[in-house]
Ligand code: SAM
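This document opens with one chain alone, in structure tokens, the form predicted alone.
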Amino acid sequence: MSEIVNQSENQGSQSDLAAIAQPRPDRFFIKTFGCQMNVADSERMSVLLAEQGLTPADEVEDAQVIIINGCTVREKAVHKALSTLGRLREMKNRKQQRPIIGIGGCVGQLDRENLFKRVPGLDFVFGTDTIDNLPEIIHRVRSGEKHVVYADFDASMNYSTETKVFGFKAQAFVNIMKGCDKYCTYCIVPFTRGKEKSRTIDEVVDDVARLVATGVREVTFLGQNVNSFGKGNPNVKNRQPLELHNVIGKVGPRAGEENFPQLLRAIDTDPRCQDLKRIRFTSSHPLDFSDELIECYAPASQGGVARLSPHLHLPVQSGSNRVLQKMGRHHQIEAYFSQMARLRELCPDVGLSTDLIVGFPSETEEDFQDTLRLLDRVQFDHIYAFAYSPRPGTRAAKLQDDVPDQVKNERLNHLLNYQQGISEKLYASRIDSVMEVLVEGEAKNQKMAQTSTLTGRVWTGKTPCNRVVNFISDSPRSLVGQLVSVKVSHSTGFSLQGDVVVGDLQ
């Protein structure tokens, strides 16, 4: 499927002609839906394809290999993935050189062979445990096989991998565990990602050390429930803490097993990771958010983990105990408040975010008001909120979906607007403060440069507490990966703007 560029009538040098005659490498395009785990999976796919000689395409029309990495957590995400495949099918039919098209992620894991019936023209399907088979899958399709499926779960409880980063990046996502054993009534994840299993601490530390040596300065540990990391792995090195506790009383790893605080402390003390600036993690569950993990947020002088960013994403889902019980969350809102209070006692400047679902079966107006009261009390920087949609195969799908769609949408919009007011106040409180920003890249929106008296490019990055900051610099070199001090001058409900502290850039 490679293209040969025709030789020009105007003859150039022999080297120019040789370059023109070279086959153009096939290109790939990956469209990702869903969570940061899916983003990390797409990064891995990109590396695997690049190792086979493919290069990324800026536009889907230019690609010979197209992959949709789909999410099944919400009905809307599934519809987006399938509608995208429908448009790709139309594109495929009108092109002389027909690209091969596949779908992976949780959609591929859950629907498997059924996807070929729903999307004629689809070439292959793969699941969450078979990403590393992608080169073989594409080879089989190119060899003429049709409807290739790789979607078996890895039945082994051992989990080993090596993080792959596509190109130079200051940040990297590092999978440390996968699967979930919680089985919340609304959630499809245990059926698409399987049971919980964790990498060993030694393997993760070696992985992070390798990334740091390549220039990575921030890692985000990923898992469906990272707080339960280590369950089933023996604590052969007798790392501390030996056992975990929390106010709810139920924590994942047992005494004698590895656990998440042990991993954080192992990274923090490993000399190979001394150039690592920040550690983040997502996602979490209140049941496994232990007292010992909260203690990691204390200042280093008080026994905390120095590189752990003062930011926490801890999904709560609802402010109503009645709804939480129906969701199978196994915690009460008072316990969540207790955890947040203890965290803020040790780390007053912690940035908080959460997930919320509105319109869960039987949710009343009073239940919804409980969720608004939750926002008032906790003061999240940011929320991810969604209207409930039943997922086939979950226990909640058997409940009567009795909250009308109009009410769901009204509650969702009200919730988002309510949080917007809180976020605006929190962000505005940062004006005139100096914040440390880890630069991630140039901002997509460069309008700030058009309205400023300063000249240069607009760069974007995040503070340790995960607040987005944009600033202008006239430096001719790339600032990616640098730590820059920025004095905040303006704010919105989503980001901060400011000026680089004089002398901070060399």
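Remember, predicted model here, so these are calculated numbers, not experimental data. In this text, residue numbers run from 1 along the sequence as written.
The form predicted in complex with the named molecule exists for this protein as well; it is not shown, and the discussion that follows is about that form.
Chemist: With the named molecule left out of view, choose which of Arg411, Lys178, Arg280, Arg329 has a non-hydrogen atom within 4.5 angstroms of it in the model of the complex.
Modeler: Of the candidates Arg411, Lys178, Arg280, Arg329, Arg329 is the one lying within 4.5 Å of the named molecule in the model of the complex.
Chemist: Give me the residue from Arg344, Arg74, Lys164, Arg430 that has a heavy atom within 4.5 Å of the named molecule in the model of the complex.
Modeler: By the 4.5 Å heavy-atom cutoff, the listed residue in contact is Arg74.
Chemist: Looking at 243-251, 82-90, 185-193, 203-211, which lies within 4.5 angstroms of the named molecule in the model of the complex, counting heavy atoms?
Modeler: Of the options given, it is 185-193.
Chemist: Does Tyr159 reach the named molecule in the model of the complex, with heavy atoms at most 4.5 Å apart?
Modeler: Looking in the model of the complex, residue contacts with the named molecule do not include Tyr159, since no heavy atom lies within 4.5 Å.
Chemist: Going by a heavy atom distance of 4.5 Å, is Pro315 a contact of the named molecule in the model of the complex?
Modeler: Contact with the named molecule, yes.
Chemist: Does Phe386 reach the named molecule in the model of the complex, with heavy atoms at most 4.5 Å apart?
Modeler: The answer is yes: Phe386 has a heavy atom within 4.5 Å of the named molecule.
Chemist: May I ask you to check whether Met435 falls inside a 4.5 Å heavy atom distance of the named molecule in the model of the complex?
Modeler: Residue-level check for Met435: no, no contact with the named molecule.
Chemist: Which residues from 347-375 come close to the named molecule in the model of the complex, meaning a heavy atom within 4.5 Å?
Modeler: Residues within 4.5 Å: Asp355, Leu356, Ile357.
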